[in-house]
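Only one chain is included here, represented as structure tokens and corresponding to the form predicted on its own.
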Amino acid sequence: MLTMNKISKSFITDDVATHALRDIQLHVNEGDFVSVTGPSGSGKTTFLNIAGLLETSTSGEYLLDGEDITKLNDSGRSRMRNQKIGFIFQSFNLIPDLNLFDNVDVPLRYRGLSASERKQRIEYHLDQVGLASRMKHLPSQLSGGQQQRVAIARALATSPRFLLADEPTGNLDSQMAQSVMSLLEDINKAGTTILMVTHDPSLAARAKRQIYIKDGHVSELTNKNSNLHVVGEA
């Protein structure tokens, strides 16, 4: 489903090159749940941005469903991103003046779906995250954990091939974090592939696969019964 071959990313400022990623080799099959950890500045965010088609690599090959992303222009990457990837952010990114129903509806309006199909998707996924009874509430009327559940429902409503979660529990207390993590595990068990960046080792250990990024390298891999294959410095 997702393959990175020798993906590297460098930033050049004042004629000084900073190597954020170095020859990343990664293969993820459909249905995997992969956690990504590493120290601050290790390249985790750059990795996630490239995986999510928000940035382009300096070199290497990135295949998503067999298509070489590195050969696409901006509009092609936008199309792939909108069709195949759902995003979950640490800060929720909900629109405060819209109720839950309308927040989940925002990305669906760009899909050209009918009002009835959008309504069906919104109600289904808000029910999936346990918030069907609150769809007319504003984000300010919810706890942090509930807001993150809305963000997850919004991502799932677009029927993505995989979810990219960037510190999805970073703004939550431990109890809420465990609840959101359990929800992500349930979503993964239902068939959705997930890549999750987290600083919390206890949450990372709950994923099927763990990769550790340091100094732009995949420097450690812990296997746990999945179909992820990583080649890098150990």
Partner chain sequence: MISLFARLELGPIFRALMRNKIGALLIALQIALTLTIMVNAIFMMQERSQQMARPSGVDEANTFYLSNTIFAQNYNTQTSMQQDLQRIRQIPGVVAATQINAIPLSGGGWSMSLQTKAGDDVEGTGAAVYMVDEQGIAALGVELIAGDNFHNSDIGWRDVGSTKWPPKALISKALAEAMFEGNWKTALGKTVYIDNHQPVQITGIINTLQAPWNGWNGVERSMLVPQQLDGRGSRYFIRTEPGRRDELMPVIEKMLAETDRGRIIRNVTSMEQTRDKSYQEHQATNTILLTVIIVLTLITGFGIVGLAMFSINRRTRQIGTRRALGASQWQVMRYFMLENLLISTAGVVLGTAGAIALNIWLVSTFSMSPLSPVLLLIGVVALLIVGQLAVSYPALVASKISPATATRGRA
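Positions refer to the first chain, counted from 1. Quick caveat, the model's predicted, so the values are computed rather than measured.
The discussion below concerns the form predicted in complex with the partner chain, not included here.
Taking the partner chain as it sits in the model of the complex, is Gln90 near enough to touch it, meaning that at least one heavy atom pair lies within 4.5 angstroms? Gln90 belongs to the contact set for the partner chain.
Would you check, heavy atoms only and a 4.5 Å threshold, whether Arg109 touches the partner chain in the model of the complex? Yes.
So, Ser179 and the partner chain: in the model of the complex, are they within 4.5 Å at any heavy atom pair?
Result no; Ser179 lies far from the partner chain in the model of the complex.
Test of understanding: in the model of the complex, would Arg81 fall inside 4.5 Å of the partner chain by heavy atoms? Residue-level check for Arg81: yes, a contact with the partner chain.
Taking 4.5 Å between heavy atoms as the contact cutoff, choose which of Glu30, Asp65, Glu55, Asp200 touches the partner chain in the model of the complex.
After the contact test, the surviving option is Glu55.
Could you tell me which of 40 to 48, 179 to 187, 22 to 30, 203 to 211 sits within 4.5 Å of the partner chain in the model of the complex, going by non-hydrogen atoms?
-> Result of the contact check: 40 to 48.
Any residue of 115 to 150 that, in the model of the complex, places a heavy atom within 4.5 Å of the partner chain: Sequence-ordered list: Ala115, Arg118, Leu138.
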